[in-house]
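The form predicted on its own is given below as one chain in structure tokens.
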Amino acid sequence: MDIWGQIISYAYQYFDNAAFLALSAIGLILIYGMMGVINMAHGELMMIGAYTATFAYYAGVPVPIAIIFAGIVTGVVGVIIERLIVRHFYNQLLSSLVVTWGLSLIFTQGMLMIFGPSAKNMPTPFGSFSVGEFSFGIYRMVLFAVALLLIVGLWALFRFSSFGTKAQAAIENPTMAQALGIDTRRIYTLTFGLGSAMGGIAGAMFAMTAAVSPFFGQAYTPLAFITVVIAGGANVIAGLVYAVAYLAGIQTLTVNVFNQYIGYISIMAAAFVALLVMPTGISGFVERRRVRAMQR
């Protein structure tokens, strides 16, 4: 048995699972974790990004530009959704859930009517490499690198930019932020658009790993919501990292011990256990421990 190949295989699977979880959730965690909106249309925004990148690719646009273009288009769609619909349902969790669920149905059925049920494909780039008897796709590691870059980029945006400072103020205390002259409506619109753009980029990246159809996003929405809920809202970026590391480890272990189906189910079970122990999410748990340590 090739021990090194097996070790690399486990590590490769872990980073692959982490990439899919992070990319699926990174846009939603901005919208849900920072704005308190349950966006059930998140998967459909990813689907729009996937379609946009696919059509751009077959129109002759280079893949990196097609992915960026998908993010821009989906971000614009998100801004329109926020301005016309979502802004009327802030601080109304159940209402926002129902409204965005309706949007997801409209997007899915609309794309089905326009493009039909047939699936479209983008080729997976970069090829593969082998270690012993194991073969690995290079693009899966590109997914992880992109996920890492997006997380670091969002952290830097909210940590060092004036927009990040204003966004955190508007989200934590909108009344005080307005009193200080911050246009909270504009901040909400830009944040929702940014979260949508992240979803579009994720959909474009995933378009090179799966067939693109009107139901493309439905495979990723549950994973995104589970990851975001476990992450918690105390520190959304750090919480995302914690949640992805935890869930990817559980999934990798159970897939290798059992099978792919049990691995998927194990994510649900791991989320249930985590929320029993940490009802406010991993970031909330870590934040409370940090505060307690400072008070000692």
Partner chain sequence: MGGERSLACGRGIGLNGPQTLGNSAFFWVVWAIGLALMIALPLLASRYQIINASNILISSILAMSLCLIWGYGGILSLGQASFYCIGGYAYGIAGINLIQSSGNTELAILAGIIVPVGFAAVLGAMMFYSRLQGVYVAILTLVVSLLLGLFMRQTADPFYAIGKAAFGGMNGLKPAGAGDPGVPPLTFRFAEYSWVFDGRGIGFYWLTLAIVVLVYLGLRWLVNSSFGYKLIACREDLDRTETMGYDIRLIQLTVFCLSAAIAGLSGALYTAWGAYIHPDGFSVAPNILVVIWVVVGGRKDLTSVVISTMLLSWIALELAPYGEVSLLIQGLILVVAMLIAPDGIVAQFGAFIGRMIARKPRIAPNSWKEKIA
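Positions refer to the first chain, counted from 1. Since this is a predicted model, take the numbers as computed values, not measurements.
The form predicted in complex with the partner chain is left out here; the points below concern that form.
If you check the partner chain in the predicted complex, you find a heavy atom from every one of Ile85, Phe89 and Leu94 within 4.5 Å. Of the listed positions (Ile65, Met268, Ala245, Val257), a single one reaches within 4.5 angstroms of the partner chain by any non-hydrogen atom in the predicted complex, namely Met268.
Residue in contact with the partner chain in the predicted complex (any heavy atom within 4.5 Å), chosen from Val152, Ala145, Ala211, Leu105: Leu105. Mapping the unseen interface onto this chain, Ala170 falls outside it, with no heavy atom inside 4.5 Å of the partner chain in the predicted complex. Among residues of the shown chain, Gln109 is one whose heavy atoms approach the partner chain to within 4.5 Å in the predicted complex.
Residue contact with the partner chain in the predicted complex: Val99 places a heavy atom within 4.5 Å of it. The closest heavy atom approach of Ile38 to the partner chain in the predicted complex falls within 4.5 Å. Residues of just one listed stretch (246 to 254, 260 to 268, 53 to 61, 66 to 74) have heavy atoms within 4.5 Å of the partner chain in the predicted complex: 260 to 268.
Contacts to the partner chain in the predicted complex (heavy atom within 4.5 Å) from stretch 207 to 232: Gln218, Pro222, Phe225, Ile226, Val229.
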